[in-house]
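A single chain, nothing else alongside it, follows as structure tokens in the form predicted on its own.
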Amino acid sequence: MLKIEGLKKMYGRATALDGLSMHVREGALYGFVGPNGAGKTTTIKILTGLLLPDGGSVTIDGADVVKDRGKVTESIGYVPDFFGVYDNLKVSEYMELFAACYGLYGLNARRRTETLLDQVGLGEKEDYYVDGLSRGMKQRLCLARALIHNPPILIMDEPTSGLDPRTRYEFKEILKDLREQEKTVVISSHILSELSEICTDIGIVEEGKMVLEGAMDDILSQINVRSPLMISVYRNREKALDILRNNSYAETITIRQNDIMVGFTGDREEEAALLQQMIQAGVMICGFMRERGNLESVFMQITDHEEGRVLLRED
């Protein structure tokens, strides 16, 4: 459905994309994540035709985004991270304006508008002015607009940014409905817990390169994070780190303030032995437990994120 190979983009001397490759299968709900400045927004702008790449290739549903611009435009719907200014239009007028951009007029446009507004929960807001809508309603209207021409693929850049928890939940339910309609969805977001609940596939990008990509279940099994060990240290953290660095079962060590997250491959007996060793060495521990692996732990272990840093053992 969507295929990127060796994508490159420079801003002056700064490298935004450094040979990025990305593959999104048909019908996937693909989460596109990475630290700030990793290249996510640049990639999305190239996918939607807002930027030209400096190298590499991008095809959507078999069409090249540079050579077959018209066909690509028909194939995608785009939901940016900001709404735009259409304050003097009613919701129905706003939708019919964009319907006309795709050759839909009259009764066909009205029927399509009614269907989409009902789908995003704005069926009773047709006669409201756009500037009277809340931020969450505007984002849902933006989603309805992106679907006006019934595209097979939907590209969303931080669609739930700045929304309250209830509105984010409603947005998540809409995405589930789109999956049932067999839409292919690419969604960029920093809310990793939400992505892990709804996404079938994930791609993690850093410094303009794809560092990990695949089905969500496969990603969680590739890295030893299904049972990470969370250790909360009250005192003598450096001593605890020394012990972990010399423990053959500690594959990865991530620091979060006074907490240490360990990719620990040992069984319960070896886990108990580690706890005993730390206590005997004078490490004061106020928390020692297994945590179920999730998308956040994968992200923390493969990127040098601002909330922690990864310390890999040396062989």
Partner chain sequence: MKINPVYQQESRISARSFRLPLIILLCNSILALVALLDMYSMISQVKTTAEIQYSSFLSLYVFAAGMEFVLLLLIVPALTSGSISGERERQTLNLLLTTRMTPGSIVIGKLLVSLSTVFLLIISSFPILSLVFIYGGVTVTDMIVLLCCFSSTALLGGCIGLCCSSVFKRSTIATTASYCVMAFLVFGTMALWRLASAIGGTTQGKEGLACLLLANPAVTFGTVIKSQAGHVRRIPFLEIWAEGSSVSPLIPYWLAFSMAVQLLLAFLCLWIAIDQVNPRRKRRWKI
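Residue numbers count along the first chain shown, from 1. Remember, it's a predicted structure, so these values are computed and weren't measured experimentally.
The same protein also has a form predicted in complex with its partner chain, omitted here; what follows describes it.
Using a 4.5 angstroms heavy atom cutoff to its partner chain in the predicted complex, all of Thr48, Thr73 and Arg145 count as contacting.
Checking Glu182, Glu173, Asp87, Asp218 for any heavy atom within 4.5 Å of its partner chain in the predicted complex turns up a single hit: Asp87. Taking Gly121, Gly214, Pro80, Pro152 one by one, only a single residue has any non-hydrogen atom within 4.5 Å of its partner chain in the predicted complex, and it is Pro80. Note that among 50 to 58, 281 to 289, 244 to 252, 263 to 271, the stretch whose heavy atoms approach its partner chain to within 4.5 Å in the predicted complex is 50 to 58. Contact check for Gly103: a heavy atom falls within 4.5 Å of its partner chain in the predicted complex.
Proximity of Leu29 to its partner chain in the predicted complex falls outside the 4.5 Å heavy atom cutoff. Mapping the unseen interface onto this chain, Arg256 falls outside it, with no heavy atom inside 4.5 Å of its partner chain in the predicted complex. Contact annotation: Glu126 falls outside 4.5 Å of its partner chain in the predicted complex, judged by heavy atom distances.
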